[in-house]
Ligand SMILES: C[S@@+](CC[C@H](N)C(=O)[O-])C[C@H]1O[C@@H](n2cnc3c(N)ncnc32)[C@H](O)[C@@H]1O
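Form predicted alone, single chain, as structure tokens, below.
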């Protein structure tokens, strides 16, 4: 997964002439804050540039991966805690029906950077609190934003603004998942239909010492590798998420919650289903089902859909 070419080019323009050492030091600090679950203030130009260079590709991949699991036809999107517009970029890539975006971000300088990077939609950028009332939008995004704030207040306003669906994405850590699980119950209590990743609206069956998360593989640019002193050409962004809709939406029968294991004569799948957490061994004798299992990935719906078939019935 890469950022769209036009966005990569815009980033290169912004980063031109900035010393690599400055970017590396700022990136290391941001990584330390991220792993500690601390908010990044991004008070300097170098910090903001290091953030978009290091975190924008990973955030884009996570949001893109989550939204791919739900078939929607939104025309408008509201991105709360938008940063430089990463989630709106991902939504535009997943949903060609989108026509316009409203982006709310507290950090004015980061919002200005996002405006310079552009957006493939008609966009309105606002600097302010993400927890205040906003006009309704078909799709509302809360990407890596809820954990830094008073989440019940913010989620309440976000849900009020939701016309079709709300997507919440947080880091794929025990802390991030705990927040997503609480938010999921909050949404169910208010009549939301859980569209993904859960195949049911029952209590989450995940054990207390485990957490539900997924991964998106991100291709590192040359600058990204040099900033982080990395040798591998990719990294895996772990994320937890929930998408809730305001209209009934068909759900997957099951969700693959671990990497499928290729065994001698069968594929072993760990699944979340309406009946709880189950293990399914798909034998070679199962024919097409076995072939589908061999191609399946962590995070996919199961049973697999036919090529081109969306996960649920479109809303809109």
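It should be emphasised that the depicted structure is a prediction, and the values quoted were computed from it without experimental measurement. Residue numbers count along the first chain shown, from 1.
Only in words, not in the display: the form predicted in complex with the named molecule, which the text now covers.
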Thinking of the named molecule in the model of the complex, which stretch from 178-186, 212-220, 67-75, 107-115 has heavy atoms inside 4.5 Å of it?
107-115
Counting only non-hydrogen atoms and a 4.5 angstroms cut-off, does residue 101 reach the named molecule in the model of the complex?
no
Do residue 128 and the named molecule share at least one heavy atom pair within 4.5 Å in the model of the complex?
yes
Is residue 94 close enough to touch the named molecule in the model of the complex, meaning at least one heavy atom pair within 4.5 Å?
no
Give a yes/no on whether residue 144 approaches the named molecule to within 4.5 Å in the model of the complex, heavy atoms considered.
yes
Just to confirm, with a 4.5 Å cut-off on non-hydrogen atoms, which of 165, 82, 90, 196 contacts the named molecule in the model of the complex?
82
Residues of stretch 58-78 in contact with the named molecule in the model of the complex (4.5 Å, non-hydrogen atom)
59
